[in-house]
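The data below hold one chain only, encoded as structure tokens and taken in the form predicted on its own.
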């Protein structure tokens, strides 16, 4: 049996994306997972600690294992959770993880952020680079924790040059994942906003997995946008999925969605309306150059991946 190249601690391994990352990484590396949820059909050579990231037991893992790299996917995205729950889980947990990375001499840290931290804005340039300000929390309070995590990782990047820190900011991920973009595109009738048809970028979940693996195994450090294949107007994405649309004026859509959200009749948070109103596209040239990343799935395959997680 080939010797595993690295020992990787993976948080959030039991989510849909986390399971895909686990199954890819364990082929060449030793994977230790930290996730309080169960993992169905866990690979035999993967160790899973069902423990809260904020607990002291996580420190014991670093004491007993020589961790070479950390991949942090364990971020709470549930918009129905309270701000206190989000902050405690996301910020407090990640802060502890950064402390362990520095204390125990971890050589690589990969954090999965999101291009949503830039925020859809009416005055956005066509393509945002990694240096653009993170304005996503201006209208969507639930993205503020993710922006804070991104800033924490950026600070860690410059404070610890001996540790290769990589921050990945993918556009809307589609596949088996359950997120706002995928849930929206899976609706049997997709609502649209009259007068708005922004260009959107989608990325296949397996292309995100590939980017994470490249970041773990390669020498790169820094912040990288992940853009997937070429952008397409939202209307054409919906048409390719064969879904009918329901055009609605924004002034009617917002209060209606607020009421549906409060009654728990929708999983689409009202602030996400801006993503089907304004452009938020990213420039991924840095990732293509430093990580040698090219999308392995073309636009047709990426769009059809939306249906993988349909229920």
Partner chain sequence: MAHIPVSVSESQPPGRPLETLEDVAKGLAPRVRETLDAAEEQIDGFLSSVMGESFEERMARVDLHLGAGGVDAFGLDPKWAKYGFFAAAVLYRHYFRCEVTGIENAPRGRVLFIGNHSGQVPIDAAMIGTALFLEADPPRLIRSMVEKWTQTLPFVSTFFSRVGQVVGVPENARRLLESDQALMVFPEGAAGISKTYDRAYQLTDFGLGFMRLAIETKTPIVPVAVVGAEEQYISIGNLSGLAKLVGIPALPLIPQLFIPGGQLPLPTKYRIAFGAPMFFDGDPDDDDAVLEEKVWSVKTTIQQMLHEGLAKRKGIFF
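Given the structure is predicted, the values throughout are model-derived calculations rather than measurements. Residue numbers count along the first chain shown, from 1.
Quick note: we don't show the form predicted together with the partner chain, though the next part is all about it.
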item: Contact flag, residue 26 vs the partner chain in the predicted complex, heavy atom cut 4.5 Å; value: no
item: Residue contact check: residue 136 to the partner chain in the predicted complex, 4.5 Å heavy atom; value: no
item: 4.5 angstroms heavy atom contact with the partner chain in the predicted complex for residue 89; value: no
item: 4.5 Å heavy atom contact, residue 231 to the partner chain in the predicted complex; value: yes
item: In the predicted complex, the residue from 58, 273, 67, 281 that sits within 4.5 Å of the partner chain by heavy atoms; value: 281
item: Candidate from 102, 187, 199, 76 lying within 4.5 Å of the partner chain in the predicted complex - any heavy atom; value: 199
item: Residue stretch of 111 to 119, 232 to 240, 178 to 186, 158 to 166 approaching the partner chain in the predicted complex, non-hydrogen atom distance within 4.5 Å; value: 232 to 240
